[in-house]
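One chain is shown next in structure tokens, namely the form predicted alone.
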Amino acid sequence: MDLIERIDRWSQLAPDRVAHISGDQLLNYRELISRSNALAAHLTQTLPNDHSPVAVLGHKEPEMLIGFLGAVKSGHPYIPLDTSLPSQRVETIIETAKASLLLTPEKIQSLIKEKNASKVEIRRPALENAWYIIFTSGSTGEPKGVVITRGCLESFVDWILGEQNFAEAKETFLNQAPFSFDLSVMDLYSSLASGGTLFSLTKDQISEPKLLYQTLAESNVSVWVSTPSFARLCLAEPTFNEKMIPTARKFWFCGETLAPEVASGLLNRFPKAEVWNTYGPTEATVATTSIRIDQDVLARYNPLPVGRAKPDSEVKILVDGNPAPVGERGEIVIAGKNVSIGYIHRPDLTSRAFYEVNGMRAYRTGDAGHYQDGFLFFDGRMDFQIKLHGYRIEIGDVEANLQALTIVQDAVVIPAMKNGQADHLAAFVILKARPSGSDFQITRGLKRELSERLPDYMIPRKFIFLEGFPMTTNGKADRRKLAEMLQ
């Protein structure tokens, strides 16, 4: 049974079960399947059978799920885009991917009203055909699209369903991350494949604490999926405990480092629940390793391990291309069925990061790690890429867009660290000519301009204006000295 069949069967087994909740919008499995089939019928008749991607732009509306499945069923991968992305970045992504169509919730609604899908021909993607394409930050200032095939996604889903043992047609999964962030794949397809209910938190609900906790209390969430940063935020509320969410039985994390105090806080406040830590880049389909964090693991390790590799993959630590001795730090390399086939329309970037080992696709993550007691430990980035609140950011991407602003002569961006993790971005800026106004006013203007080019999470919080940068002996900006200015 392929993934489409796994999802579609719930329209027969539990047609009235709610598949998705977002605010006051509900979508059951009968509606999800019939409407995605109707959309697929339209796309099959109107788009060439060339596997070109379809962009789906919105913010957690039920129509986005219809758009995702409708695109795949018509033989086209989808590109999930959130409305929080600046329009210029959306345009760049669509152009880079050579997307054949842009769908919005309103457009999807109008198309499915026009179609009778009773005789729709489903163009099931082959294992090596793309299912979705997620764009991540690129070091040149241009985003790059990670191609995830049906085989990649099914490898991930098979592993997760087997390991986590979800109760079919009974679970409610929390969806915190926007669909443009690959963490959402974890909750989206775990839910759809097991007949679960996906409970989406909208940006308005997340931004208002009173509304957030009221929503969580009414959610009946049994499987919590989020970044550790979001859980840390919730733990700041004293009433965030099993009385607020008595149904919570599993906390599942990916996207950034899980701090021991976050795991400990959850175990104390939700004593009947499990806490799981996972690791993996977008290029390896969300996650590749996992471990259940219990009191014994907390007592033995700080920082926490990210676990062991899934059964059909290998995770190696390499130093200069050779396996590192146990305990020695090196680059994390992932090989297996879950590894992407590369970046869309970027063979140059693909050849640098992907290769083949033992007949399997392999990906050089650029992450540092080591093994201890059979567990993988994540030791941070080996280059200028960071994880900030769960989002992967290329520092060069932020710098390139900042340097493109008219009053900026040069800029260096570095992460400001707190408790061993990136807390926010700080920008050191040399101006071509200082405009009138205070540093605060200039900063506000730069942030406003950057917001037209970058999503909010990539905009530096702090701006420091300099006449020149301290330099290293090889003539580069001395980032270490700049970082010391933040202390």
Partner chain sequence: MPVKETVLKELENITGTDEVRKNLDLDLFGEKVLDSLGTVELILALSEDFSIEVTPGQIDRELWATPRKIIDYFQERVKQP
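Nothing here was measured: the structure is a model prediction, and the numbers come from that model. Positions refer to the first chain, counted from 1.
Keep in mind that the form predicted together with its partner chain is not shown, yet the notes after this line are about it.
Participant: Find the only residue in His51, Arg444, His59, Arg30 having a heavy atom within 4.5 Å of its partner chain in the predicted bound form.
Facilitator: Checked against the cut-off, the match is Arg444.
Participant: Taking its partner chain in the predicted bound form as the reference, which of Ala126, Ala236, Val319, Val326 has a non-hydrogen atom within 4.5 Å?
Facilitator: Looking at Ala126, Ala236, Val319, Val326 one by one, just Ala236 meets the 4.5 Å heavy-atom criterion.
Participant: Between its partner chain and Gln164, His370 and Phe378, in the predicted bound form, does every residue show a non-hydrogen atom at 4.5 Å or closer?
Facilitator: Looking in the predicted bound form, the three residues Gln164, His370 and Phe378 all stay beyond 4.5 Å of its partner chain (heavy atoms).
Participant: Contact with its partner chain in the predicted bound form for Glu208, defined as at least one heavy atom pair within 4.5 Å: yes or no?
Facilitator: Glu208: yes, in contact with its partner chain in the predicted bound form.
Participant: Examine Asp423 and determine whether its closest non-hydrogen atom to its partner chain in the predicted bound form is within 4.5 angstroms.
Facilitator: So Asp423 counts as contacting its partner chain.
Participant: Indicate whether Lys432 is a 4.5 Å heavy atom neighbour of its partner chain in the predicted bound form.
Facilitator: Lys432 lies outside the contact set for its partner chain.
Participant: Give a yes/no on whether Arg346 approaches its partner chain to within 4.5 Å in the predicted bound form, heavy atoms considered.
Facilitator: Close contact is absent here: in the predicted bound form, Arg346 is far from its partner chain, nothing within 4.5 Å, heavy atoms only.
Participant: Going by heavy atoms within 4.5 Å, which of 285-293, 351-359, 75-83, 210-218 lines up against its partner chain in the predicted bound form?
Facilitator: That would be stretch 210-218.
Participant: Check each residue of 451-466 against its partner chain in the predicted bound form and list those with a heavy atom within 4.5 Å, in sequence order.
Facilitator: The stretch 451-466, when checked against its partner chain in the predicted bound form, contributes Asp456, Arg461, Lys462 at the 4.5 Å heavy-atom cut-off.
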